[in-house]
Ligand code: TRP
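First, one chain by itself in structure tokens, the form predicted alone.
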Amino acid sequence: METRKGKPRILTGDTPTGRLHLGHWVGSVERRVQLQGDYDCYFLLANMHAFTTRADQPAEIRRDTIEIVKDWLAAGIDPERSTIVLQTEVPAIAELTWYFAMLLSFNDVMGNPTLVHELETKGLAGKHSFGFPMYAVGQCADILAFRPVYVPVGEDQEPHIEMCRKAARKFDQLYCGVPDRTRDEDYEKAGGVFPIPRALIGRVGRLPGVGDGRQKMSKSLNNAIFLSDDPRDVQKKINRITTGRQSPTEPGDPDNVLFEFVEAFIADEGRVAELKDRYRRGDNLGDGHVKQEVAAAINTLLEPMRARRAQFDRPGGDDVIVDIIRAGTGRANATAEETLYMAKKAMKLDFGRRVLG
């Protein structure tokens, strides 16, 4: 959809579960920074979703919410060009979650591959809260409340976007009379309230964690390099990568976790090709040397982020962050309330338009 800014709109965000890491950067955050000039960008802090697994940690969730905004600003998100949204301060999201829950089946939600994976990896199968699977429905509302056309996400989040697309189609077909054979890109033209958003996958769909690379990078797995890590920590963590190779003269297969980092962070394609060639031939190129080059490239990327973050890691910095959140959320509510009224009108629930103070 075209917005008041005359630009297509995007929506994406993060759940405040801790600081952002390089997996977030290559999977989504890098793309967000790049898109700010050409799109009407909304970036959501999904702090309500954090309560699905951490309801007993409200102070930590508040802290992590502020820390994520610091990471965003450090990475290059500009609150003058983009709208930062706090989920719990946008009541339209919670109401739309309820309506979408009536359109998605139990199997739609519980069969979501991302949800199934989280239940397994977090050891929640059979003992999760009733609210935990609701976050998958809530993500549909997070997105559709702002009627975006694109959602920049990491590869692992694509199933959530597919469920969101299903909810949008069902709503538009049921309440707006959009024919079920309508092309996704034509739903609004056919009278639908919601566009059918598309996922934008980052340049690296899945960045492995440091170690053997069997798991994706994750704070909970203790295998992450954070955007706020100092140079020494970056090198120490990169040194944890294992390939099984024993000698710099041993021919090696660059199809390994170390070279996934080479390709993700060394910008010079010629140098990447050279490293791969020498590695294959066992041309006196040890893993240790490659790790040093990777760490140097990552530190070059992170150094300006560290400098920008330092502006907020000082007395009064948190207050500045809260002011940025409040300003963005005020703008976001205007959009979300407009969407909610459109949806309620389609559902014959338009008995009055809510005014937020």
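Keep in mind it's a predicted model, so treat the numbers as computed, not measured. So that there is no doubt, residue numbering starts at 1 and follows the sequence shown.
What comes next is about the form predicted together with the named molecule, which is not displayed.
Look at 138-146, 177-185, 249-257, 218-226: in the predicted complex, residues with non-hydrogen atoms within 4.5 angstroms of the named molecule sit in 138-146.
Contact check for L11, T15 and A46: all three have a heavy atom within 4.5 Å of the named molecule in the predicted complex.
With the partner omitted from this view, the residue of V151, L96, I241, V193 that lies near the named molecule in the predicted complex is V151 [heavy atom within 4.5 Å].
A single residue from the set N112, Q157, Q173, Q235 has any heavy atom within 4.5 angstroms of the named molecule in the predicted complex; that residue is Q157.
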